[in-house]
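Only one chain is shown below, in structure tokens, and it's the form predicted on its own.
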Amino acid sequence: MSKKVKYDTDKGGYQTQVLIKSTLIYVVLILLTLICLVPIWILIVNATRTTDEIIKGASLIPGTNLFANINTLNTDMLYNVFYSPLRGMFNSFIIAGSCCALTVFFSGLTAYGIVVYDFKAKGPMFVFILAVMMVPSQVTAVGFMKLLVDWELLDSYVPLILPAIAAPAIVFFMRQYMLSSFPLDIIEAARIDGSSEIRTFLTISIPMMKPAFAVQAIFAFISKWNDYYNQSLVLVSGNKEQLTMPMMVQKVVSIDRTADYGANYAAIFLSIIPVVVVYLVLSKFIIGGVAAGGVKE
């Protein structure tokens, strides 16, 4: 009888510890969620308010001035000289979409070659990729600009898109994903059946790596959509027809003469809509893809 009472007591104490631990975890997760979402919500709310309302202080209740703020961006001479949301989104989508496709495809192809094939330079090649990943893009900016001037590629989308073929960080993730969840026996079976290497990659490997491709597509698209640094280096003429959304938003928020804060927040709000849409479409792959790709060898 005493053993049963002791067992029930131990079981009850263990359940209490689990409950406390679970509660603390949920509290921390809720706080982190609020930290991430509240600033975005305040941004959306401010996009619907007037300048006077914004100056009075923060609010969590949306206003009624969203369309008026957007109209200000389109009609006020201070803004519409360089701001056109549809043109900016179109230009950004060309760059971000092309970079996303090139990055994901060629990074997956590189990781496929490193994992599937055995050759002497396999180890050194992967170490070189990791070393390149550690080099900040700002370090190579001077040489990059000199190359663009010599090749007359300034004010062109080409130097913003083609370098996306080389993405060391995404190659690293793809390789880890394949090492953890990619069965090499299927590749051998495809070879025995007479499938070519490129056909094997396109018809077998890519469908099996769909979660990894989706996750990296999100990260690549968001990174290139928000890439003001490289875009401002290459697109130097300031031509409205070439400007991307980040460049237009930067010009809007830099206006310090009779600034309209409502219009500024509306411009930022419009710039994040495509990113949110892409994330919502592909978000179901994030948890599975990150979990599988993060497993150690």
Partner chain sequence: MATAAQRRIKSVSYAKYGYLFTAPFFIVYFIFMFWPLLQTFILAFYGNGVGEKLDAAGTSINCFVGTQNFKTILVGGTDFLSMGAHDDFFQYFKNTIIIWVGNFFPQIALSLLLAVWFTDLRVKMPGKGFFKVVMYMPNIITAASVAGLFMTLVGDSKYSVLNVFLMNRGMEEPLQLATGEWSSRFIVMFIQIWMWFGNTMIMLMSGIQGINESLFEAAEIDGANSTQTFWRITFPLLKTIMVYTLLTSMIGGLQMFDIPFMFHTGNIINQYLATVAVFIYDKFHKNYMSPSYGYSAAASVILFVITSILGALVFWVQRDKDAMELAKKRRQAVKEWKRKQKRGGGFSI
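Here the rigid core means the biggest group of C-alpha atoms that line up within 1.5 Å when the two forms are laid on top of each other. Positions refer to the first chain, counted from 1. Please read all numbers here as calculations on a predicted model, not as lab measurements.
The protein also exists as the form predicted together with the partner chain; that form is not presented, and the subsequent description refers to it.
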Quiz item: Looking at F219, F182, F173, Y79, which has any heavy atom no more than 4.5 Å from the partner chain in the predicted bound form?
Solution: F219
Quiz item: Hey, in the predicted bound form, is N91 touching the partner chain, heavy atoms inside 4.5 Å?
Solution: no
Practice problem: Report yes if any heavy atom of A167 sits within 4.5 Å of a heavy atom of the partner chain in the predicted bound form; otherwise report no. | Solution: yes
Exercise. Decide whether G143 counts as a contact residue for the partner chain in the predicted bound form under a heavy atom distance cut-off of 4.5 Å.
Key: yes
Quiz item: Might W225 be said to contact the partner chain in the predicted bound form, defining contact as any heavy atom within 4.5 Å?
Solution: yes
Quiz item: For the spot marked by V28, I35 and I129, is every residue within 4.5 Å of the partner chain in the predicted bound form through some heavy atom?
Solution: yes
Quiz item: Among 206 to 214, 68 to 76, 174 to 182, 121 to 129, which stretch has residues whose heavy atoms lie within 4.5 Å of the partner chain in the predicted bound form?
Solution: 121 to 129
Quiz item: Taking the partner chain in the predicted bound form, which residues along 50 to 75 bring a heavy atom to within 4.5 Å of it?
Solution: I54, I55, K56, G57, A58
Quiz prompt | Rigid core superposition, S59 Cα moves 2 angstroms or more between this form and the one not shown | solution = yes
Quiz item: Taking the rigid core as the reference frame, is the Cα of A266 displaced by 2 Å or more between this form and the one not shown?
Solution: yes
Practice problem: Determine, after fitting the two forms on their core, whether V38 shows a C-alpha shift of 2 Å or more between this form and the one not shown. | Solution: yes
